[in-house]
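Listed next as structure tokens is one chain, alone, in the form predicted alone.
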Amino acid sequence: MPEEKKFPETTPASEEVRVGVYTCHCGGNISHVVRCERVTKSLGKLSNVVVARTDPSFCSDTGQAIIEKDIKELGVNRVVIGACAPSLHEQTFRNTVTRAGLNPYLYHHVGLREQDSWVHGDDKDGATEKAIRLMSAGVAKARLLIPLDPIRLGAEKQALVIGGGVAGLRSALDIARQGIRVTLVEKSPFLGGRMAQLESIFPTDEEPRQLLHELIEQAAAYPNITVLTQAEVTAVSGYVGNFNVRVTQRSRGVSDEMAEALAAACTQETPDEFNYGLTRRKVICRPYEGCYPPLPAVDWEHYDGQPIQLNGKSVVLKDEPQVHELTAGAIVLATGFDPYEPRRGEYGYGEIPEVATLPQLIRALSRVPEGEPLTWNGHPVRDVALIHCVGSRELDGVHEPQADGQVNNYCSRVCCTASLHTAVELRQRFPKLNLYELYQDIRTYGRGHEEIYRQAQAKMVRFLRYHGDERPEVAAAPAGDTHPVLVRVKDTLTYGEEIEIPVDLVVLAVGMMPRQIDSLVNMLKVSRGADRFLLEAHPKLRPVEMAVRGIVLAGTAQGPMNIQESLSAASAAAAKVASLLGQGRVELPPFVARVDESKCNGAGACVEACLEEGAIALQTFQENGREVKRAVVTPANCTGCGACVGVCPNRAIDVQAWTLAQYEAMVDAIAMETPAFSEAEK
């Protein structure tokens, strides 16, 4: 095992506090409002400040070099930086001071951009005054900073991957190849996810299930991977390196010997979700030939409990769930997405039989033999309109919100190419079709996707462009009309001309919706973004990590992606898990509660106030021949929220790096008078 990393130390008792203060222009985000030079002059007059500087961008290599040089040459042993939000570059600057030989926790970050310049753009003098006070508070805190070491914990070299689609499979396989055991949990009875429902993938036109099955076969056969289908995570506790997980797995309900016979004898049917409700299936089924696992499974959600007659006997199917307890060092969320389901009446969906979604059309085309004409609702299809951005790019105040009161104002990214790809396929298979693409913007952003757009143009697909606040209208045609549906659109390509298109089929290119996994979100205490997809810790610096340490994202659980992007994100998640668990230990930030035993009287108010299970507890100790109770913190469970600090009657608890004494010093500094400047200095 590699030698444990030690951070540089500074002993405050034996060293003079020497503070370096750095005010960043943030590329103009701060300096366009805050007079940074005036801030620097003011801070340079404070006690213990040995250097105060400004720079266009302290997070750049050049800016970081300035800070490193001051630490090495001027003896700076406390660093205060005023810049953008700490969430963006706090770790950047911790690495900077560490490289210079300083403990990374002897640095304090002030968010001048979000807390000052962005909210006071119309008051430069006031913003400058506020910046001085905020930075002065940072200096006051810095004087009281002490060296800290991260919390080091052992880590179980096992990962849990939740979701058996293409992203989950890719993550599981990549993690297992790094020598880490993996448990893959899939809620449905079969692996493959949404990719299994496709018939070809853009831009290569490859057969998706063939590629998918190659990945499934590799993952299922890999010795380090355990696959649990028809299973759900029902409880999670613990922390990074040591998550305790309970998985409840429903039984398949049929044995190898009787599966086919029972499936044949079964008469109960339900709409087939694999075909998006266009067909019906039995409650004992497999979605398609060649699926994995190959054994049919019972759909317990729709099975009515009635016996099945087989060879003169009544067979009652029984669900006998199994509970699996496991320990995982990290968790990968690859829970996927759901296609947007239009509301009844939206573009005529659910009311006009000739209105379908693009996923439904893809499944319907898979059942049309080569050379046979395309029909829908019992009549031939001659004219097709494909409408983009259904369930995406919605506008507040214009479009009806979703059930949670929000509109889907995001772009689902893949719908344009998927719609165009289908239009090209329709033209190839049914050359006499008239095809109309009704769009806001064509966003064929991926490599090779623009070529699909050009193919559609070359194949005489007609394009009509509408504004988002004037979407097309779909209505049933009058009885006896030549076509069953009329589509009306104000076409901006012809300067707003209102066009009516009679068609036999309307196809809605629906967007991606975040999957409903509220119970899992609550168990793991992870966050969603404004679009309700799972939210990464930082879009650039930590693109697949979540704010909860040890939980990472893979694929469309994070947001709309195509298959290639999902695979890349899945491999990135696997790399993060491998780096986290590869050494058998993890490091956590030291910002946790610490008890001063000399002040603690064991009152227990802190235990009652604690929001995290197992973070703080009362323990009994022997002291001068008598038993006493003292609060004891378990750092791995503590999140540093400070709830315990506020209720302690003796001020016996502090959060490391955010102590009460530091807060008081900051408040005093904010309340002090700032230096006056002459007109020349201004």
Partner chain sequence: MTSNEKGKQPKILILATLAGGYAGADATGQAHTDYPANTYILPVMCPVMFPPEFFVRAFERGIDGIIIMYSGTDSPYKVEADGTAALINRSYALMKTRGIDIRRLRLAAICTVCVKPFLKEVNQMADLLKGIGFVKDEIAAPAAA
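Residue numbers count along the first chain shown, from 1. Since this is a predicted model, take the numbers as computed values, not measurements. What we label the rigid core is the largest C-alpha set whose atoms superpose within 1.5 Å from one form to the other.
The protein also exists as the form predicted together with the partner chain; that form is not presented, and the subsequent description refers to it.
Go through A100, A609, A603, I499 and name the one with a heavy atom inside 4.5 Å of the partner chain in the predicted complex. Flagged contact: A609.
Though the partner chain is not shown, can you say which of P484, P287, G111, P147 has a heavy atom within 4.5 Å of it in the predicted complex? Looking at the other structure, the residue within range turns out to be G111.
For the chain shown here without its partner, which stretch in 362-370, 330-338, 121-129, 279-287 has non-hydrogen atoms within 4.5 angstroms of the partner chain in the predicted complex? Selected stretch: 121-129.
Should R343 be counted as a contact of the partner chain in the predicted complex, where contact means heavy atoms within 4.5 Å? Contact check for R343: no, nothing within 4.5 Å of the partner chain in the predicted complex.
Might A85 be said to contact the partner chain in the predicted complex, defining contact as any heavy atom within 4.5 Å? Contact check for A85: yes, within 4.5 Å of the partner chain in the predicted complex.
Considering non-hydrogen atoms and a 4.5 Å limit, does the partner chain approach P649 in the predicted complex? Because no heavy atom of P649 falls inside 4.5 Å of the partner chain in the predicted complex, the answer is no.
Contact flag, T248 vs the partner chain in the predicted complex, heavy atom cut 4.5 Å: The answer is no: T248 has no heavy atom within 4.5 Å of the partner chain.
Residues in 618-648 close to the partner chain in the predicted complex, defined by a heavy atom within 4.5 Å, in order: Heavy-atom contacts to the partner chain in the predicted complex: T639, G640, C641, G642, A643, V645, G646.
Using a rigid core superposition, assess whether G111 undergoes a CA shift of 2 Å or more between this form and the one not shown. Shift of 2 Å or more: yes.
Using a rigid core alignment, state whether the CA of K124 is displaced by 2 Å or more between this form and the one not shown. Yes.
With both forms fit on the core, is the shift of the CA atom of G253 between this form and the one not shown 2 Å or larger? After core superposition, the displacement of the G253 C-alpha between this form and the one not shown stays below 2 Å, so no.
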